[in-house]
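In structure tokens, one chain follows: the form predicted alone.
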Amino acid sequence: MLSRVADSLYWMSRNIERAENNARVLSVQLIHMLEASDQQVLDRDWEEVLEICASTVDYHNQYDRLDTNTIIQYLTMSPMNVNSLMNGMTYARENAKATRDMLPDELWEVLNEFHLDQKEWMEQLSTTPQTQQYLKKVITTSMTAQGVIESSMSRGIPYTFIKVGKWLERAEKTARVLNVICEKNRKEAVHGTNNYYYWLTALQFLNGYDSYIKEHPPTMESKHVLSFLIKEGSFPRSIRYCMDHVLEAVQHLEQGKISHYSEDLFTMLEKVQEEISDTSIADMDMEQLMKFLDHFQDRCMTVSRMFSETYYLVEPVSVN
């Protein structure tokens, strides 16, 4: 398979996953917005959403204040925001178009249908219910696309590049969400049951509330939530689960062998797994957890770079 084809598959997958994750975060925030009564708290929450969606710096370079409608438009439809939902789904479609012979026809149809409908959505997002409908459409399109991939694609090299992109993007987003939530709690010296709202929000952002409650009814302690989202081996959005699947995919690419050109990548992935396993959530305060999450995000960028170098992919201009 040509490296440019592998590159397109990898970034198609990352952009689909990124759009879905950001749509979930924005959808939860719109619900919280209806419940907020303090403008200062609302502004702080929007600042955090921008940070989670990797759009803070660019937003403040273009706008001099936080405005709810402006932020919503910026995160959903702005062509100036490389991480907007519109751009993410457009990039995914362009990459799918370049690799159509490698993909199921149904996958192209799903992404192309969204693209055609999006032109109408650009003129309709004037109310919160309309925005929520659009966010639901993004999420449903992503889940449908992933369903087509899982049910229709042979487990060959194209499928594997798609999976690496998906799991690496998801792991990084989980770390980013937790880092922002931990920032809210940075003044707390020990774990406790305070700030229930913060940990509930983290679980909602990561679509993990239902799964978490089944494991830990009815508690919402920080150490339990953090352990669940970082180290739980059975939850598909935990950092450990995602990185396990990245390593598994690379092992599949190499047919279980370590070659001279992939040795550094394997070493890095194994080091990341060791760091996750050796992290004791209960013994860390918020400052330490934030350092760990910052470090992990750096690791994700390093893994992405090394993966691209190992398989001669082309790094895109757009980065987090």
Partner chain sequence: MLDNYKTGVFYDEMMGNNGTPKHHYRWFYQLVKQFSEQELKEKHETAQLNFLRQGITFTVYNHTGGTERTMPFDFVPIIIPKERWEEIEKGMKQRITALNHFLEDIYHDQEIVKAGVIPQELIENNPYYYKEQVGGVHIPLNNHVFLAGIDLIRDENGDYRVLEDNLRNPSGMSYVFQNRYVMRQVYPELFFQHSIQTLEQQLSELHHAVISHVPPNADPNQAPTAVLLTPGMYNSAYYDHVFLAQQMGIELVEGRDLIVKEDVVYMKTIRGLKRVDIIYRRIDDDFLDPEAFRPDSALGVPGLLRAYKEGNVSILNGIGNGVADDKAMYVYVPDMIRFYLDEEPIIPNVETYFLSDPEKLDYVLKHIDELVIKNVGASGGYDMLIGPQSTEEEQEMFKQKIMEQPNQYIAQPTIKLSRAPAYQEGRFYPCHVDLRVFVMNGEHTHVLPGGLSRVALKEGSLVVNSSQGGGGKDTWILSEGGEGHA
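Please read these numbers as outputs of a predicted model, since none were measured by experiment. Numbering follows the first chain given and starts at 1.
Not on display, but discussed next: the form predicted together with the partner chain.
Is T310 part of the interface with the partner chain in the predicted bound form - any heavy atom within 4.5 Å? Taking the distances in the predicted bound form, the answer for T310 is yes, it comes within 4.5 Å of the partner chain.
Going by a heavy atom distance of 4.5 Å, is L253 a contact of the partner chain in the predicted bound form? The answer is yes: L253 has a heavy atom within 4.5 Å of the partner chain.
I'd like to check something about E150: if you look in the predicted bound form, is any of its heavy atoms closer than or equal to 4.5 Å to a heavy atom of the partner chain? So E150 does not count as contacting the partner chain.
Are any of the heavy atoms in M102 no more than 4.5 Å from a heavy atom of the partner chain in the predicted bound form? Yes, M102 sits close enough to the partner chain in the predicted bound form that at least one of its heavy atoms falls within 4.5 Å.
Name the residue from R93, R176, K163, R170 that puts a heavy atom within 4.5 Å of the partner chain in the predicted bound form. It is R93 that has a heavy atom within 4.5 Å of the partner.
Just give me the single entry in V82, I157, L247, I139 that has a non-hydrogen atom within 4.5 angstroms of the partner chain in the predicted bound form. Partner contact (heavy atom, 4.5 Å) among the options: I157.
Even though the partner chain is not shown here, does it sit in the predicted bound form so that R186, E275 and K291 each have a heavy atom within 4.5 Å? Negative, none of the three is within 4.5 Å.
Want to guess which of 176 to 184, 223 to 231, 237 to 245, 103 to 111 is within 4.5 Å of the partner chain in the predicted bound form, heavy atoms only? Looking at the partner contacts, the answer comes out as 103 to 111.
Neighbours of the partner chain in the predicted bound form among 1 to 30 [non-hydrogen atom within 4.5 angstroms]: In sequence order, M1, L2, S3, R4, A6 come within 4.5 Å of the partner.
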